Structure formats: structure tokens, C-alpha cells
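Encoded as C-alpha cells, the following chain is the form predicted on its own, with no partner shown.
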């Protein structure tokens, strides 16, 4: 279930799973948008196609049965999934790699003009709408980004870049409930000053309601707001908690180091929707990528009776933000650097991943 980083790895190696006697079915949307390139698309630096992987085509090439459906219910004891198409899909082994969605306890996303950062297709729709608006006379729509984490800052920077690419002054406000903590203080101070120099407004507060043309903050302030972007943290899809699986406070299924769901030896998981109970880590794409070979090994081992391996997620990882102005901010432990070289490294890593997932090799342009 799902076509995230880990399951793209399985698709490319489906022949090994079939050789072990497994009959493969993938339940997932037809296309996957790679999160590492999403802000590059939003800023206008990249095309939507650059971040898109044709899952249906990969499944066909790999000889994997593909169902473009979603799960609406399950009976784990009977090992049956209920799909939104009305179909029932049985299984002997189940692997979950279904990603995450934005935390939205006030249901702000139900209002018009609100764009959660996931699914990523919503950000691409936002870009289309803003570009259409900027083709008309005037300053461009007022955009508010809710969320003071790394994603909120990166999306804000990308939106500023989109306005600048169209010759407009950014009409972007970032509203953070708390002071950011995702980077060293020096990096945060430099990033904040960098955004402010580009015309971005930064406010402390919490958005509690969406009204026609405005956003209401908890302290009573009202902001002009023609588009609202929610970057308020990630949680697992809520239906996972309805399956009766062990989940944490963010709804992520809890795993053993062998990537098996606690209490369910024949249900595996990886990526944003899951967390190893004894070594919790945030929902960051690197863990889905690094877990993928272990997931493949353990599905094969379960089918053949071989020994399972453990996955030990690293405590530190390189993170690079795309700042929407042809520069990036790289973060590693207490070290950080901002500039064009950081973005070039990010582009190479991300475009290489997409090319590899498509079955090719990334060759940088001259």
C-alpha cells in the first residue's frame, strides 16, 4: 500500500520478490510527486514533470499488478482490505508506505483557498493560481503560510521566489506559533534576515480561522489572506489508526527494528507513516530511503524463512532547504552554510533519486 520512497525501491526489484514466491499487488495513486523537489516546483525553478514519477508505468514495467485505489477499511484478522472501488483485496503480507498528511485539528483545509503542503499536488495547483493572478495587473494575491518549522520556512522562501520570478514584490507572510528550533540559532537568524530582505513578513501567532479574504489569529488579529498554506506539522493518515495497529501520538504505526508493526509480524511499514518504537525519528524522507533495502530483505526473508535484518536509523542527517532564489541552506548537526553550492548539491541529490526511481541515470545539464 502506497508508492513512497521505500516502495519505489521494491518496484525496481520486484523480480527478486517474485523469485521468492511472492505475488505482488501495489495499491497506490498512478503518480508520485517527490517531496525533495516540491519547493523547486513551487518557486517556478522546476517544472511539475521534474518531480513526478509515473508509478503506473513503473508497475507495468516491473510486472506488478497495480490498483489505482485507496483503502477505506480492513480486517487484519481475515487479511482483507476494502478499497474505495468496492473491491476486496486479500493479502498474506502487507507493507505500508503511505506517507503523511498535514496536522489540521481545526479543519482549516476545508475552507476555500487553503492549501496543505501535502498532498504535494495542492502546492502545484497553488503555483498555477498565483501565476495566473500575477499575469493580471496589480500586486498579486496575499499569501499566508502557517507553520514555523523547516517546511514552513522553505515554502515561504519558495513563494517569495515565485513572486520575484514574475517581477513582483513578494506578498507573503509567515505565521509561526513558536520560535523556530530546526536549525542552529546563527542559521535561523541569517535565514530570517534573508527572508525579510526579500520582502517576506514574519509574525508570531496561531491561525485559528479562515474567513473571506482574511485569516484570524488566536489573539484576535486579522491578516489579509487570499491564499493560506498549512505547514503545521505532519501526521499519518488517520485511517491507519482505525486498523487497530499500534500507533504513536502522530498516528504513525509503531514498528520493531525489523520494520514489522508491533504485534503484527506479517505487516511491515516504512517512511512517514511509521516509526521504530525504540528509536523514534521525525517524518523525513531520508528514513524511508535508508529503510528500503531492509524492507526488501525482510519481505524476502519472511517469504523464504531466512533471518530478518534490523534497521537502525541514524541520529543525524544532512538537510538542505531550497530558498527559492537559486541558493540553499544546508544543515548538518551544528554546522550550516547558505549559498548556491548548497542548492546545487540538493538538486543533484534529488534529481538523481528521481532519475534512479524512473530506471535511468541523472546527467546534469551543461
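Numbering follows the first chain given and starts at 1. Keep in mind that what you see is a predicted model, and the values were worked out from it rather than measured.
Beyond what is shown, the protein has a form predicted together with a small molecule; the following relates to that form.
Visitor: I'd like to know whether residue 191 contacts the small molecule in the predicted bound form, with contact meaning heavy atoms within 4.5 angstroms.
Guide: No, residue 191 stays farther than 4.5 Å from the small molecule in the predicted bound form.
Visitor: May I ask you to check whether residue 329 falls inside a 4.5 Å heavy atom distance of the small molecule in the predicted bound form?
Guide: The answer is no: residue 329 has no heavy atom within 4.5 Å of the small molecule.
Visitor: Is the gap between residue 44 and the small molecule in the predicted bound form 4.5 Å or less for some heavy atom pair?
Guide: Residue 44: no contact with the small molecule in the predicted bound form.
Visitor: Give a yes/no on whether residue 323 approaches the small molecule to within 4.5 Å in the predicted bound form, heavy atoms considered.
Guide: Contact with the small molecule, no.
Visitor: Looking in the predicted bound form, is the small molecule within 4.5 angstroms of a heavy atom from every one of 243, 275 and 313?
Guide: Result no, not one residue of the spot touches the small molecule.
Visitor: At 4.5 Å between heavy atoms, only one of the stretches 177-185, 134-142, 265-273, 104-112 reaches the small molecule in the predicted bound form; which one is it?
Guide: Answer to the contact question: 265-273.
Visitor: May I ask you to choose, among 59, 300, 27, 51, the residue with a heavy atom within 4.5 Å of the small molecule in the predicted bound form?
Guide: Answer to the contact question: 27.
Visitor: Go through 120, 223, 94, 247 and name the one with a heavy atom inside 4.5 Å of the small molecule in the predicted bound form.
Guide: Only one option qualifies, and that one is 120.
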